[in-house]
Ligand code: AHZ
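Here's a solo chain for you in structure tokens, the form predicted on its own.
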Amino acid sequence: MIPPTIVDKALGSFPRELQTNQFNLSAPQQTTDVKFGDWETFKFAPIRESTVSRAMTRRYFADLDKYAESDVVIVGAGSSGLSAAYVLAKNRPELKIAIIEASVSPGGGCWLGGQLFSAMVLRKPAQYFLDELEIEYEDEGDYVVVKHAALFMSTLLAKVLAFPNVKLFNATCVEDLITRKDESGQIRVAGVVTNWTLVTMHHDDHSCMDPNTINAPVILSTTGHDGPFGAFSAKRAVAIGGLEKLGGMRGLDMNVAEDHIVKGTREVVPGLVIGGMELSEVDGSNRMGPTFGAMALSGVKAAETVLNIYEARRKQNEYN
């Protein structure tokens, strides 16, 4: 059992601030000059359709401009990537953190427990991260249970997106990695190449659409095990010569897999940190199935790893 002090050190300092807003719908509530419940006179404020379009696109393109040079890019908005984003954003508010998610809906495979069962099982000591997020759970001894995996994911996602230094670009794919070579010829990752997910899915059946790019000194990839978009950075790292080969994910062994994923979370190529189940494809480690503690704590370890290498990679990027 890992004592709380070790986990606290990994998580950093998390001051607890709880704001309670009481809102009673049974009492008359003012919105301009209309009371909720007075539906006979209810009416929305007037708007032109073009105003809606401009409100969205103006902000989105401003974000594209702002995050074209990011400090950290997280590829994959699942439980591991979002846990890392939470730790990074809370402890280093000056960093610009871009999250790239291929799906329209972030969250990865963490909206349900295994085989569509809703409860979420996390082995101890992962409950300390739940405490930080203020998520209730049942303590079953060596493990805890959150009543629904969606409660964990929606809470984590809401907290991450509330940080002013985080931008989520969903329905967006990472199609390639930006690379540099040092004097010795060693590959370093210095950004990502992006495109709309629907474009990426149809490169083979329509004319090519060139991608976009984001430069960043550190890329954290948490795209999961092999699949249509899974293990992308790991596979690409082999193709570009950063890794010799992939180990390939082994069969399910929870006791082996979770420890390995957390302990093995690391920088695998200069500038590229890999965490979560994508790491199983790099190292040839076991899968873990429907237990989620390693996903959360791999994200915590990944955030710590990113911060340990950030200054060195940032200085390298200043010159190249």
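One-based numbering along the sequence shown. Because the structure is a prediction, the values reported are computed rather than measured.
Below, we turn to the form predicted together with the named molecule, even though it does not appear here.
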Verify the contact flag for Val75: yes if a non-hydrogen atom of it lies within 4.5 Å of a non-hydrogen atom of the named molecule in the predicted complex, no if not.
-> yes
Give a yes or no for Gly284: in the predicted complex, does one of its heavy atoms lie within 4.5 Å of a heavy atom belonging to the named molecule?
-> no
Taking heavy atoms and a 4.5 Å cut-off, does Gly271 contact the named molecule in the predicted complex?
-> no
Examine His225 and determine whether its closest non-hydrogen atom to the named molecule in the predicted complex is within 4.5 angstroms.
-> yes
With the partner absent here, would Gln127, Leu151 and Gly293 each sit within 4.5 Å of the named molecule in the predicted complex, counting heavy atoms only?
-> no
Looking at 202 to 210, 238 to 246, 98 to 106, 179 to 187, which one sits within 4.5 Å of the named molecule in the predicted complex if you count heavy atoms only?
-> 98 to 106
